[in-house]
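Only one chain is included here, represented as C-alpha cells and corresponding to the form predicted alone.
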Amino acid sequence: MIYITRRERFNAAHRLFRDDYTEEQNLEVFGKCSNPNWHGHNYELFVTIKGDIDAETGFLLNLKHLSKLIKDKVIEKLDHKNINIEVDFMKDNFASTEMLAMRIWEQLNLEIRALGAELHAVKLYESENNYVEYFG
C-alpha cells in the first residue's frame, strides 16, 4: 500500500459564535474568532489517499484527477467565500476548522473510492500554528 498527498489552498472567512450566547459570552469562549464582522484565513488543505499502484500506469491515482476532484467538490465552494453563509456543505454546521475538515472528508470520500483509491486523511491548516487532521 502506498500513500499520496495532494495540497490545495483556499481563502475563506468565518465566524465562531453561538446564537444562544450573548456577544460577551461569544467573546469569552471564542475570542477574536467571534468578531461579528467575520475574519479570514489562508487555508492549506492536504488530502492523503492510499491504495495499490496500478501496474499499467505506475500510479495509485493520476494526481491531475485528484486535483480536479478536490477543486470541483471543495475549493470552488470555499475559496473567497464566507463559510457560515455561502458553503452548501457547511449549512447547519459550526464553522470550526474541525467541522470543516470532517465535511471536506464527506465531500471527497465516495468520489475517491469511485476513482479506485481510498481516502486516508484530510489535514487542514487554518494558520501556520493550527491544523486539524481527520481520518474518517
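As the structure is a computational prediction, the values presented were derived from the model and not from experiment. One-based numbering along the sequence shown.
FYI, the form predicted together with a further copy of the same chain isn't displayed, but the following is about it.
Asker: Check N109 for me: does it contact a further copy of the same chain in the predicted bound form (non-hydrogen atoms, 4.5 angstroms)?
Answerer: Flag for N109 set to no.
Asker: Do F94 and a further copy of the same chain come within 4.5 Å of each other in the predicted bound form, heavy atoms counted?
Answerer: It does: once a further copy of the same chain is placed as it appears in the predicted bound form, F94 has a heavy atom within 4.5 Å of it.
Asker: D72: heavy atom within 4.5 Å of a further copy of the same chain in the predicted bound form?
Answerer: D72: no, not in contact with a further copy of the same chain in the predicted bound form.
Asker: Does F89 reach a further copy of the same chain in the predicted bound form, with heavy atoms at most 4.5 Å apart?
Answerer: F89 lies outside the contact set for a further copy of the same chain.
Asker: Suppose contact means any heavy atom within 4.5 Å; which members of 15-41 contact a further copy of the same chain in the predicted bound form?
Answerer: L16, R18, Y21, V29, F30, G31, K32, C33, N35, N37, W38, H39, G40, H41 sit within 4.5 Å of the partner.
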